[in-house]
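The chain below stands alone and is given as structure tokens, in the form predicted on its own.
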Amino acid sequence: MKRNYWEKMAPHYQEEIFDVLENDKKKWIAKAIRNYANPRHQVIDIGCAVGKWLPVLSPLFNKVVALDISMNNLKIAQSLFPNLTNVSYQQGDMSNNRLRLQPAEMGVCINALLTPHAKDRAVFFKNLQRSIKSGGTLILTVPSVESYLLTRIIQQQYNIDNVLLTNKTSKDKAFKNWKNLQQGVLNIDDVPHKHFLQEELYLSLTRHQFTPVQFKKIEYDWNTEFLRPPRWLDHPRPWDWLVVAKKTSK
């Protein structure tokens, strides 16, 4: 998902892209942000998109840097929140090795680490490492491989949405999907998105000078996965991973 994809998506972002803030019913992400916020510190909203988290961040920090790959997203965010005077906007690609950011005490990255390309993800993690000061905090959410697989198992075992969905696909596409699955790259509305295992995420963070201090499931309702979830289906629920990690000095 390169820059032009997000530039084209920007006018439709509110309708097309899953709203983590709205669907985190227990507000675990907002609570984590508040727990580590400091009114004297700076925070970077990494992949801020149209700025849905800016009203959460702005009152808690001295300065907020809203970073996004899409200039159109940033323009929309500025138009939506003109009264947030401590927010500055910066266009930048976290998958670009030439990106340079002034390190902040906190980074918040909400479902922005989605690129299906392993080389781009490696650069993204390196830029996360560069963008947080030693001793600082990273609050990161990513889609879960385990949740995706649980959803597919439940769908097939209990024949959910079978009338509305088709399983027909070409051999070439099926083989490509299988190869992607082995890398945690799974389709959302026919667009490949990276999903993470908990252990995989732990390993990636520790290799980039972050020590995870908390993992949590951000649980969602089943209607975020199925068009017609059965009434009896409640727990377990689908989830994204939330991790709070501290930047080490080594």
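Sequential numbering from 1, following the sequence displayed. This is a predicted model, so every value here is computed, not measured.
Just so you know, the form predicted in complex with a small molecule exists too; it's not on screen, but the next bit is about it.
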Of Ile69, Leu205, Val185, Leu57, the only residue with a heavy atom within 4.5 Å of the small molecule in the model of the complex is Ile69
So which of Val87, Ile139, Met94, Val145 reaches within 4.5 angstroms of the small molecule in the model of the complex, heavy atom to heavy atom? Met94
Report whether the minimum heavy atom distance between Phe210 and the small molecule in the model of the complex is within 4.5 Å. no
Answer yes if any heavy atom of Ile110 is within 4.5 Å of a heavy atom of the small molecule in the model of the complex; otherwise answer no. yes
Given that the small molecule is not shown alongside this chain, does Leu101 nevertheless sit within 4.5 Å of it in the model of the complex, heavy atom to heavy atom? no
Is the gap between Ile76 and the small molecule in the model of the complex 4.5 Å or less for some heavy atom pair? no
Three residues, Leu150, Leu181 and Trp241; all within 4.5 Å of the small molecule in the model of the complex via heavy atoms? no
The chain here is shown without the small molecule. Which stretch in 220 to 228, 197 to 205, 58 to 66, 40 to 48 comes within 4.5 angstroms of it in the model of the complex, by heavy atom distance? 40 to 48
